[in-house]
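Shown here is one chain on its own, the form predicted on its own, set out as structure tokens.
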Amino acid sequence: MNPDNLQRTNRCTTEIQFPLQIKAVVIDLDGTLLDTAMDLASAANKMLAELGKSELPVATIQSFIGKGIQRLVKRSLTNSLDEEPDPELFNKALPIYQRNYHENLYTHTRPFPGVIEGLNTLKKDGFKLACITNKAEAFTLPLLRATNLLHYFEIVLSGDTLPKKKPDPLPLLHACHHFQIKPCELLLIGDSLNDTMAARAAGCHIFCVPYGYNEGRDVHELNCDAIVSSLLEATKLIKK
């Protein structure tokens, strides 16, 4: 089964009715499974301090989360969502950030409320589970191990696992190929525009949580099938 063929031929074609009939659930990492904002912000501010730049409020850095660490570093350097820093400064800053984040990867990071209960329920109900994130594998796998979540997932796709990452549909289509299911049999649970764009492009269902890191934007503006207060609540809207 070719993922490209999945994208073309197996999109959801029926109207949405709850509970959704699903075979696999894919879950985003930062802002959905794990509250990583404090540790990401701490690494960013330590980077800025080493570079002789002013530190930023945690809330500001939290609004920069969602498109991978390289983008987070650029946004922290420019204090802007879209501006590009001086290339030489960025090349100097990135390894500083990576070192500081490695050293403080899970100092404050914890699963959000309802995550453990939701994962246990999904497992008990027989759903196949995957974690798909734009975070580099060097950070993703240690975080999942440290928080004792890795064993829940049959497959973990990080931001550097495949040639493309969210919002491109490739990771979701790769998961469909892995599980041997159609895109309309897969549900993505995420917190951001990246997630909704990827799900819509792949033809998958998408639920969003309101507590995550949607670049400071209201999650209610996103094109999702449902907004759920927790992973546990999401389990009540799907069936095998």
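As the structure is a computational prediction, the values presented were derived from the model and not from experiment. Heads up: residue numbers just count along the shown sequence, starting at 1.
Same protein, other form: the form predicted together with a small molecule, not shown, and the subject of what follows.
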Check whether Asn134 has any heavy atom within 4.5 Å of a heavy atom of the small molecule in the predicted complex, and answer yes or no.
-> yes
With the partner left out of view, is Leu29 within 4.5 angstroms of the small molecule in the predicted complex by any non-hydrogen atom?
-> yes
Quick one: does His174 come within 4.5 Å of the small molecule in the predicted complex, counting heavy atoms only?
-> no
Check whether Ala199 has any heavy atom within 4.5 Å of a heavy atom of the small molecule in the predicted complex, and answer yes or no.
-> no
Region of this chain that lies against the small molecule in the predicted complex, out of 147-155, 106-114, 84-92, 67-75 [heavy atom, 4.5 Å] | 67-75
